[in-house]
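Here's a solo chain for you in structure tokens, the form predicted alone.
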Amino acid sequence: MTARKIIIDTDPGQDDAVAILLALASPQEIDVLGITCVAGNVPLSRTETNARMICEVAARPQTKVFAGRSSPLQRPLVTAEHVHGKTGLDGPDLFEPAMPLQSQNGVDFIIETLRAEPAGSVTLCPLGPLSNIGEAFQRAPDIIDRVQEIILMGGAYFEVGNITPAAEFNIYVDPEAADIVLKSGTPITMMPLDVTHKALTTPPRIAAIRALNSRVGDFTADMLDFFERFDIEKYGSEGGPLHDPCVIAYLIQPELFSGRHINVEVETQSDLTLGMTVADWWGVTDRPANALFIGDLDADGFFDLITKRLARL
């Protein structure tokens, strides 16, 4: 099996961190060409630091980490420290990473890599706002047809919104970038709140990760203990939703997920519903399908995969 070449575009975030760890623990399936950071859950200075920290926790300091956009394409940045803590990775004992940040801008890296690699051989995996991808597609439209697939965490339909009544955070932060991506014609798979809210970090699932008795296991369990408190209080659920690792798990074990190929559009004008993903789940329009919109997953299989892969690090 040939490992699938990917670029992880991310704003770590505890759940982003688990996604990165899962990818780095799966070299047979996934070849991480680089990690591009974007402002989102926390400002860019924290997301690029957090990404390098996670690579060091995984003992993968050779991973290339790039800093991309520090703001959305057209709007002021909205962040989510109220969920992730001031650092974005609150929970474990944090440290200053020693591995270097690459000097190249993350958006330039995306463009250069898609031009250099064979067409249709690189998958983009955005885990945060789509600002980097949106700028890359605007500046270099020739790369759009070279993308194999975009697998992203973002949006919602039945679950509606988590940052406003109508919008999911990643799409809300940069709806113009999301609009560019969804209209690009690139094959897209979306992991909306409808599926990620079924991936709950219950106490037994966190305990299984802590029982790995490793640096990665302890670091991850400490992150998840902190991360879940916000959503448990908000939703009254038995755990916090582990959003972003759904993207990486889908690459490794797509049979864990199910969804529909439908039309999805983003609201960019309304003050009331800005960032809403209008998903034609029931096929009531004649708008052409542009995304595989995931709606369900095997949660036990998902956490079993994460725990077994983290044990490799």
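What you are looking at is a predicted structure, and each value in this text was computed from that prediction instead of being measured. In this text, residue numbers run from 1 along the sequence as written.
This next part talks about the form predicted in complex with a small molecule, which is not shown.
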| query | finding |
| --- | --- |
| 4.5 Å heavy atom contact, Thr123 and the small molecule in the predicted bound form | no |
| 4.5 Å heavy atom contact, Asn170 and the small molecule in the predicted bound form | yes |
| 4.5 Å heavy atom contact, Met153 and the small molecule in the predicted bound form | yes |
| Partner contact for Thr189 in the predicted bound form: the small molecule, 4.5 angstroms, heavy atom | no |
| Contact segment among 103-111, 205-213, 68-76, 239-247, judged by heavy atoms lying within 4.5 Å of the small molecule in the predicted bound form | 239-247 |
